[in-house]
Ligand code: SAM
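Coming up is one lone chain in structure tokens, specifically the form predicted alone.
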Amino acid sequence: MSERFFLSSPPHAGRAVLEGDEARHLVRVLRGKVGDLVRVFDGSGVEWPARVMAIGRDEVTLELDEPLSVAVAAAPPLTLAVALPKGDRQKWLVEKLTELGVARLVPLVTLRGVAEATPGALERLRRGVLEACKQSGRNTLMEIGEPRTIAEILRERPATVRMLVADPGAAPLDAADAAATAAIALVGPEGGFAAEELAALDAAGVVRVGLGPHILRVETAAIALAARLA
């Protein structure tokens, strides 16, 4: 067995405990047994080979081997602020952004948005990040931020962070230039940003960037930005 599992609690003295869904998946789905070898990570960038030492009802005790060296991403961190699409398209969006190395996803509240980032929806997004990390081998969790309006993002952004906004009518994105510094990239809803939202972005000096000759769906635009910038 060579499965990856997430540690919700930090290891201590060479031991760690899988809890809840992670423990149940190992024991009930994969039929894990004492002595099995697995790999675990805690979201900080570290991964450990581990051996199952004991199995309880809803927890599994592991003995950890030496941590594996983990390469740190060289690219500056990228935040995507996205007006979430509906339904399963959210799951697909989170999966691909996690795989591409995006640091943070912020649900963007817009005038024409079609999906509300409720507490339940945010929890589903975070679970999607975890599953994508386990599958892809990523050892750091993409952060799911709290919902923000354009005004809040403009007010809260650090002075050194560049901001971009996807716009079908804009000049093509210069990925080499845009990826040189930490960035926040905005993607609007299916119906596009309202005129007043674009005016606020323009007034704040946010750069409009194009992603090709076609109108892209929300998740496609976000993934295209991530592929060029992350």
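All values derive from a computational prediction rather than experimental measurement. Heads up: residue numbers just count along the shown sequence, starting at 1.
Below: the form predicted together with this ligand, not depicted.
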message: in the model of the complex, does every one of Pro77, Gly101 and Leu141 come within 4.5 Å of this ligand, counting any heavy atom?
response: no
- line: Contact with this ligand in the model of the complex, heavy atom within 4.5 Å, among Val52, Val40, Ala166, Leu26 goes to Ala166
message: Just checking whether Gly188 would be counted as a contact of this ligand in the model of the complex - the rule being heavy atoms within 4.5 angstroms.
response: yes
message: in the model of the complex, is there a heavy atom of this ligand that lies within 4.5 Å of any heavy atom of Phe193, even though the partner is absent here?
response: yes
- prompt: Might Gly14 be said to contact this ligand in the model of the complex, defining contact as any heavy atom within 4.5 Å?
  reply: no
- prompt: Quick one: is Leu211 in contact with this ligand in the model of the complex, heavy atoms, 4.5 Å cut-off?
  reply: yes
